[in-house]
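The chain that follows stands alone, in the form predicted alone, written as structure tokens.
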């Protein structure tokens, strides 16, 4: 049974829904922030070189296994897989779908050298978007986020300020050039990361937007 504490958003006390309603008509903000609370997360370990592993992974998840370093596969607002290392991936699902998908992964890989662990309660996700999203994150992140080297579908494990994070660029608006990122942080660092991002974006204008699963 999941601890009731873990069923709550780690940012619930910041009343982000009320702030989003208050900011609904705000225009011109260079930074848009929202929490993607309760996404399903499944850690998968396996042998990418095993010819049976990638097909089993795709059969269970519906997405290709990303084998190139720092890449992702699948739809950012649906089921997708994030490369963490040569033998490790993080599978993201919409809220409530992680346990069923984990069971499918275990069944598909039971004859292989693999491990499947549901880990979603450990982290939350902050979506950072807008014309100045890259500028704000770059204030506290040593990773090179220039669009020539880091674009949609790419990811990296790095830091934000003093907190460890996993960052995934989910999209790039072709018309405006504004990027969108999902920032994964441990629950214990969620408030720190949120307030750090708000402070970093203050010069551009910050809008809190309604949460999306």
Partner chain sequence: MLLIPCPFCGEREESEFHQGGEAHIERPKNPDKLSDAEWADYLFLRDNKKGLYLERWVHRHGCRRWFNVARDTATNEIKTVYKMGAKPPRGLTKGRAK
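Positions refer to the first chain, counted from 1. Remember, predicted model here, so these are calculated numbers, not experimental data.
The same protein also exists as the form predicted together with its partner chain; that form is not shown, yet it is the one meant from here on.
- Comment: 140-148 is the region of 31-39, 140-148, 169-177, 51-59 lying near its partner chain in the predicted bound form, near meaning a non-hydrogen atom within 4.5 Å.
- Proximity of residue 78 to its partner chain in the predicted bound form: non-hydrogen atoms within 4.5 Å are absent; the residue sits far from the partner.
- Shown alone here, residue 47 lies farther than 4.5 Å from its partner chain in the predicted bound form, counting heavy atoms only.
- Interface membership of residue 156, defined by any non-hydrogen atom within 4.5 Å of its partner chain in the predicted bound form, is confirmed.
- Residue contact check for residue 64: none of its heavy atoms lie within 4.5 Å of its partner chain in the predicted bound form.
- Proximity to its partner chain in the predicted bound form, defined as a heavy atom within 4.5 Å, holds among 131, 118, 114, 84 only for 84.
- Residues from 58-78 that approach its partner chain in the predicted bound form with a non-hydrogen atom closer than or equal to 4.5 Å are 69, 70, in the order they occur in the chain.
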